[in-house]
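Just one chain follows, in the form predicted on its own, and it is written as structure tokens.
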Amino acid sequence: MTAPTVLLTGGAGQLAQAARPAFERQGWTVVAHDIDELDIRDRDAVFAALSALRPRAVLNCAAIRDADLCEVDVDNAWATNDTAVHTLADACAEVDAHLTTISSDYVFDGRHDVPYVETDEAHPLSVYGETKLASEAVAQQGFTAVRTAWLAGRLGANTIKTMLRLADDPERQMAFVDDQRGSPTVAEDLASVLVRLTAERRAGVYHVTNSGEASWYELACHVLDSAGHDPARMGRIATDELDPPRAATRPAYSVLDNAALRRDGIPALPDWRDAVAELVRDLVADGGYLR
């Protein structure tokens, strides 16, 4: 029996790099393309690539994830984060491939004080959040949109690696905001669920994050402690004290409740504290945070 093929877009990013081995462990053949090999904004190129490859599935990890950049490069943000996703959906429909695309907690305005479920009303505060919300319309075509948050993995750039590099300098002043709360998520944990949702062609919108919630300050303290540094070195600030101020408005509270996973009998991801501690130990052991 021929192994099914999955196409990963945004192939050089941390999530695609985590997804490749997760799919391969389940017997998939993986083809990963970054923008220099497949620019998903190019409709003709997308249709040609899927027509030639005829994959069983596409996992779209390509996006402009810098929320502040989206505020100044608005046209490109919409072209990449929304229009291109609909192009992928159209091309997938033509070859009977299942599309899974990645969305964000930024679709919410943060005015909740309890975790958001998938059916809660979305009201983004930024261009990034608006583009991600618009891209989720592909779920109405029978595809999958996965909202996740505060992502960090073993490969690729992320905030946890930045925290570890800063902590290596004993003279460095460090501070993270304590008035934004979200769902820290390890890319490798997310990837395992993405494989299942994709393989089973589960249509709709899903929240997929590690369990629990934290502020950026609490996450930073846990990272330092897990790496053997004194968490007392970490300071806390408010979002409106950031210098320079951020262009994109962040939701103050964007914790995601993985209600759809529970509904479908899919096990919850580990608590973020355990997942992050394991990630940090691995990054420190092999110097992965320096790359």
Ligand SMILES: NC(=O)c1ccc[n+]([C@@H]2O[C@H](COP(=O)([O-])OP(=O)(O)OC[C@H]3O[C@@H](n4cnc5c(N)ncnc54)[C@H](OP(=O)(O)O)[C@@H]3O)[C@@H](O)[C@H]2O)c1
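Keep in mind the model is a prediction, meaning the values are calculated, not measured. Don't overthink the numbering: it's just position in the shown sequence, from 1.
Heads up, the form predicted in complex with the named molecule isn't pictured, but that's what we're talking about next.
Put simply, residue 53 is far from the named molecule in the predicted complex: not one heavy atom of it is within 4.5 Å.
Shown alone here, residue 35 lies within 4.5 Å of the named molecule in the predicted complex, counting heavy atoms only.
Although the partner is absent here, residue 116 is not a contact residue: none of its heavy atoms lies within 4.5 angstroms of the named molecule in the predicted complex. Not displayed here, the named molecule is approached by residue 39 to within 4.5 Å at the level of heavy atoms in the predicted complex. Of the stretches 98-106, 198-206, 116-124, 163-171, only 98-106 has residues with a heavy atom within 4.5 Å of the named molecule in the predicted complex. The partner is absent here, but in the predicted complex a heavy atom of 61, alone among 255, 234, 57, 61, sits within 4.5 Å of the named molecule.
In the predicted complex, the residues of 113-151 lying within 4.5 Å of the named molecule by at least one heavy atom are, in order, 128, 132, 148, 149, 150, 151.
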